[in-house]
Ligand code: BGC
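Next up is one chain by itself, shown in structure tokens, the form predicted on its own.
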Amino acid sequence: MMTEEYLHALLLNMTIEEKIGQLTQYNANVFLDSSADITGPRMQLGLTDEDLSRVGSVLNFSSVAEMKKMQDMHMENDPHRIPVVFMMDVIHGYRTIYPIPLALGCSFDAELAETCSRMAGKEAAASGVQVTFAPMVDYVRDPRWGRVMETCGEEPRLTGALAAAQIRGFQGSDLTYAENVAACVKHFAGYGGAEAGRDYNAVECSERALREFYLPAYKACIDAGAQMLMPSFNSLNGIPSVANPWLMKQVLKEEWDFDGVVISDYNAVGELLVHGVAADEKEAAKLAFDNGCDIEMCSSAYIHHLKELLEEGFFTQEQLDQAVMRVLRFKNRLGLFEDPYHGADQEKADCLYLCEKHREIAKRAAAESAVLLKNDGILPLQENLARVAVIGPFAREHGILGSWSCNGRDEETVTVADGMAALLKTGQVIVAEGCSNHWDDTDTSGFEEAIAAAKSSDAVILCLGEPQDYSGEGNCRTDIRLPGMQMELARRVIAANPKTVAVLFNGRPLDLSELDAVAPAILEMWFPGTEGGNAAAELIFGRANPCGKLAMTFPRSVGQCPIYYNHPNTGRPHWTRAAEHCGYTSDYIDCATLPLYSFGHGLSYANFVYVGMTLSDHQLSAEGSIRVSVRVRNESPVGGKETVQLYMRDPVASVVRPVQQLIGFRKVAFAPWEEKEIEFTLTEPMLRFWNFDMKHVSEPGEIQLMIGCADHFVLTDEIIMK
């Protein structure tokens, strides 16, 4: 890497315009479109060739050749030979796609998340990507929001652990290494709390809730060494994040001491005008830059107005230089001054794409992220079945990669039908779609074929869900039931053959109350990625044992949303699962209060029995620790993995506390009939919360400890915090 003295010398020799260029990013098409048409992207952004020659970073491109062409053009025109840095959204794989982040959250497996990110980073780096806009760690409670698929769910501790693992996987220990890419944590902050589950919508959230639930995962990413941070689109308590001084200055810079690069989201600086907090582009530039946004993405407020603002005294030369130095140091840490291509090599990339090792990682991730929601004893199916029907709109569907699948290709994905045929080498697999998966389609002409197939088969794999473009950015839903005629198809198929396994493909928790009432088994596959069909087949026929646990709660009805496991108690709680209205309690008159499936739920083919919980002490001091141990036995002839979950409740505190809160989890493999002792170390910081006067403390008193999952605790005990 270059020395700090070298970077300062560069800075001294740069003009103001060149410095501002380093703080500007545009899409690749802006550089590659040579059209002089007034409707072209350059003209729309008001850019000259001279402006573009100074731009410091590029978003998106299609190939190594295209990336190298842009880098070469830039280096030829830049008198200082400062390389461009190339960025892309590599969210859950580059070409070999693993499960969506919400699914990966259900693995409860940080090592797996790191392995997947390392695989994606290798493919991306070889393809010319130097920065990925991942991980996305927005805390989420509302399944209507389309971007739930991009989060790891509703638990801050779990999300933070998996996000930190992703950063380690992407960045490695040395960013100059050609197989590593820099990570950008997003979207800071509170984006997942959008009102009514509607993307880009306003977020109104108390500081206590922000600090307790929303902010911890971002902080975990910064502690893990994230090199870049992206503010969110939304307004937070009335102020758009990119221009929010409390968020960007006080919390991020002063409290957390973040000195990495801050980059706006796509046109977020320009959207300050639409929010109504900036009268024009100049004011937008002033607000964003004053609040520490170093790079403006895909709008032109900086390139048009920062020099003017500097000359008018709104900013000092020192402020501009500090922002530019953050960008130069970032490029230096990537080793771009020595190798502007960062090891990009199309031949190497082609060898990595969909290679056997990467497919195996993707298949393992899909299998370990799947959640067995229900099983009335019919799973696993036996491989000696003579005839198996694969029915439903997802039977032959290649589109199971999920949103934000980068350069993944649907046609390279293994379907459920293909996975079943590959596994059942002697049995006959018949396929009937039955209906489509679109919400406005009422066509039932395929029902007859599907029901006939069900009746004539030994078992049915019923593949249902929502299209992959029904979730993701901008794809929010008010109706989160199975779209179209799928539920009616399910009723008729199950009536024709009760030995039916419902397999779900979706990017959010769905309202499955109707399906749960009739289906004997439900396997949630989410959008599992490239190897989804093979993973589904192995799970259904017992070659793999389901071990996923829900990272996000499934409601009984969309009317319960937002719904989440770690909710506060009320003065009039409703504790029963019954749907009956009890009167003058916090419930509904037409629906049970508790969810259909809670956070932490997930079944296995093994039978795990918790046989004892032991505490090394029942009093905890600020400096001490308590060893919490539990014995878990696999009382079955089937090996499997169990995620042991440790929860706490603080029943009396200076503020209302959650009814339950995850404070530890361990995913452990068990051989048949094996028993193991699982240990957690409990320390005082694990019990802290933001008290009545906004201090992060623990308070003396009783703390209840529970082992199990959020809707079923099998062991409990208590300690006293001194």
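None of these values were measured; they are calculated from a predicted model. Note that residue numbering begins at 1 and tracks the sequence as displayed.
As for the form predicted in complex with beta-D-glucopyranose (BGC), it is not shown, yet the points below apply to it.
Only one segment in the set 559-567, 622-630, 445-453, 230-238 has residues whose heavy atoms sit within 4.5 Å of beta-D-glucopyranose (BGC) in the model of the complex; it is 230-238. Residue-level contacts in the model of the complex: of Tyr353, Tyr470, Phe133, Phe541, one residue has a heavy atom within 4.5 Å of beta-D-glucopyranose (BGC), and it is Phe133. Contact with beta-D-glucopyranose (BGC) in the model of the complex, defined as a heavy atom within 4.5 Å, holds for exactly one of Phe608, Phe337, Tyr266, Phe315, namely Tyr266. Proximity of Leu59 to beta-D-glucopyranose (BGC) in the model of the complex falls within the 4.5 Å heavy atom cutoff. Proximity of Lys331 to beta-D-glucopyranose (BGC) in the model of the complex: non-hydrogen atoms within 4.5 Å are absent; the residue sits far from the partner. A residue is said to contact a partner when one of its heavy atoms sits within 4.5 Å of a partner heavy atom; Asp587 fails this definition for beta-D-glucopyranose (BGC) in the model of the complex, lying far away.
beta-D-glucopyranose (BGC) in the model of the complex is approached by Lys186, whose closest heavy atom lies within 4.5 angstroms of it. In the model of the complex, just one residue of 136-154 lies within 4.5 Å of beta-D-glucopyranose (BGC) by at least one heavy atom: Arg147.
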